[in-house]
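One chain comes next, on its own, written out as structure tokens in the form predicted alone.
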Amino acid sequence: MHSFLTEDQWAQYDEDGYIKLGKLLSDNELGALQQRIDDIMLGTAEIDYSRILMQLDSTTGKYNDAGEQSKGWKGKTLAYRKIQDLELDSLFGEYTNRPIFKEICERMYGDTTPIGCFRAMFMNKPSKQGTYLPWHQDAWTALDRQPLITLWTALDPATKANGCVEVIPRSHKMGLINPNHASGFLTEELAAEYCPKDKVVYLELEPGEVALLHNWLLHSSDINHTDVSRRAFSVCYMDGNTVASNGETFTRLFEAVPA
């Protein structure tokens, strides 16, 4: 059976909490996803917008100044910060089901565990704009078990200058640092302690490149200081049996292998 990742790659991931997987999109596939997300932002895509969470970017760069996160289209602009529920879109949904992602999920959760999607979302830092994302771990108090992994695909060049993801290698080994925060965000005091500048690695990626991230890896991102947008597609894969505190269940992406 073909294996997409080597044991050396898994060892690096286990040690650092992240790994670059290389370019997984052809130029044509990349162009199609770029066009689709622009169409969604501009309101011309054939998609049920009432089911799609959309958030406009801030104009100040401050996290708390970003737009409301709610279902529905919010106007014709390429300055959306977040678009979620993209597993419902045919093109993005197909991409989330690639065999390499299935293999990664089986390694992380076991092949007898069904795999669900906590969120499949577009994250954007428009040119000369973008919202600063404070240091945090991806962890949620509203879930009965924690998702472990995120696959992050660059749709544009992701560089230090335009707000690429910043990480603290090996921080996933610390466990949850601020477990009482609903979304795993650190206080300013904790960020100063755990995220000193000399430990930061800038996760720069070429368009079409993919990174595998452990959800407890401390990460952040700056605003975009360039004329080049920083569009990305991020998918958090979870145990498909996960239930939220409000009773919500989640879209299944891969079913378990029969025992």
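Residue numbers here begin at 1 and follow the sequence given. Note that this is a predicted model, so its numbers are computed, not measured.
Not pictured, yet referred to below: the form predicted together with a small molecule.
Requested in this report: Decide whether residue 150 counts as a contact residue for the small molecule in the predicted bound form under a heavy atom distance cut-off of 4.5 Å.
Outcome: Yes - in the predicted bound form, heavy atoms of residue 150 and the small molecule come within 4.5 Å of each other.
Query raised in the report: Does any heavy atom of residue 136 come within 4.5 Å of a heavy atom of the small molecule in the predicted bound form?
Result: Residue 136 belongs to the contact set for the small molecule.
Requested in this report: Using a 4.5 Å heavy atom cut-off, state whether residue 221 contacts the small molecule in the predicted bound form.
Outcome: Residue 221 belongs to the contact set for the small molecule.
Report task. Considering only heavy atoms, tell me if residue 86 and the small molecule come within 4.5 Å of each other in the predicted bound form. Result -> Contact with the small molecule, no.
Query raised in the report: Since exactly one of 154, 105, 121, 167 fits, which has a heavy atom within 4.5 Å of the small molecule in the predicted bound form?
Result: Selected option: 121.
Query raised in the report: Looking at 58, 34, 226, 234, which is the one with a non-hydrogen atom within 4.5 Å of the small molecule in the predicted bound form?
Result: Result of the distance check: 234.
Query - Which of 168 to 176, 128 to 136, 108 to 116, 91 to 99 lines the interface with the small molecule in the predicted bound form (heavy atom within 4.5 Å) - result: Among the candidates, contact is made by 128 to 136.
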